[in-house]
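Before any questions on how it binds or moves, here is one chain, the form predicted on its own, in C-alpha cells.
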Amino acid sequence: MTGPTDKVDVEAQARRAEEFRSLHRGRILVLPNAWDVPSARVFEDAGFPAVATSSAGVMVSLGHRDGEGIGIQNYVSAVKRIASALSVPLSADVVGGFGDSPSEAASSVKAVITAGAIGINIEDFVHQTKKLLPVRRQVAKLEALVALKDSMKIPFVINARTDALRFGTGDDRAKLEEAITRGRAYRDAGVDCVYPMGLTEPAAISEYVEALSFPVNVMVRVGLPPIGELGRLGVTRVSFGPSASYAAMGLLARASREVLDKGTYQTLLEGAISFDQLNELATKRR
C-alpha cells in the first residue's frame, strides 16, 4: 500500500518522464551518460536537460565488467543513488533487461523505474556470446515493456538498441539492412526511440532515419559527425555512451604518467575543481 508521500513522488517522477519525452521533439537531444553521482551531477550542473547512465561505466565503477553480472539488485541500487541526486530526468541503461524472458525483463525494468529512472535503454544481444537475439524474442521483450509502461503511472521512454551493425552477419551493407529491419520491428512493437549502435557514416545515418521515419539515437564515437550535421540528417538524440568514462580514465592515465615520468603535476591540476566543489556534488538538488 502506498501513502501520500509515495503518491507525490510518483507524480513528480511522472512529470519528469513527460519532460524527458518532450525533449525528443524539436531540437536534437544530447544525452550525457554518467556512471556515478558526481559524474551525473557534473553533467546536470553543466546544463544538460537530462542525464543517462552508461552500463559499462556503472558496472566497471562497481567492479564488474559490462553486462548483467552485477545483478539487478545492485544495479537498481546504483540507479536509485544517481536518480535521487538529480533534479533533471535520468534514463537508465538496463543492458538486456536482466532476464531472458519478457516477464523477467519487465520485472527488472519496473524495479529500475521505481528506483527513479524515467527512461530505459535495452539491447538485443547477449554479452557472453556477442550474438544477436532472434528478432521475435526481442520484440516479445519490448512488447512486455510497452505493456508495463501502459500499466504504470510513470510514462517512461523506451530506447530500443540494436547491435546488428556490430554482430550481424555478412558485409557492411547486409548489417545495415539487418539494423533497419530490426529498427522497424522495434518501432512497430511500440518503443519510443531506436538506437542503431555503431552508426556513424552520414549517408548511412540519413538512410536509416529515412527508412524508419521515427526517432533515432546515435552514440558519440570516432567518425560521428558534429551535432549540427546530425540534426540536419534527422537524428533525434545523441548519447555519450561510455565516452565520458573513457575520457575520465584517460585523463587519470595521462596524469599518472606525467607524475611518474616527469615528476610534475600539470595534467592533474589543470582544469580541476576544488575541494568545496567536489563536496557540493554530493548535495541533492531536489
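Note that the structure is a prediction, hence the values are computed from the model and not measured. In this text, residue numbers run from 1 along the sequence as written.
In what follows, reference is made to the form predicted in complex with another copy of the chain, a form of this protein that is not presented.
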* Triple contact flag Val10, Ser103 and Ala111 to another copy of the chain in the model of the complex, non-hydrogen atom at 4.5 angstroms -> no
* is_contact(Ser245, another copy of the chain) in the model of the complex, heavy atom dist at most 4.5 Å -> yes
* May I ask you to check whether Arg254 falls inside a 4.5 Å heavy atom distance of another copy of the chain in the model of the complex? => yes
* Asked: Using heavy atoms and a 4.5 Å limit, would one call Leu268 a contact residue for another copy of the chain in the model of the complex?
  -> yes
* Applying a 4.5 Å heavy atom distance criterion, does Ser22 contact another copy of the chain in the model of the complex? -> no
* To do: At a 4.5 angstroms cut-off on non-hydrogen atoms, which residues of 258-281 are near another copy of the chain in the model of the complex? List them in order.
  => Val259, Leu260, Gly263, Thr264, Tyr265, Thr267, Leu268, Leu269, Glu270, Gly271, Ala272, Ile273, Ser274, Phe275, Leu278, Asn279, Glu280, Leu281
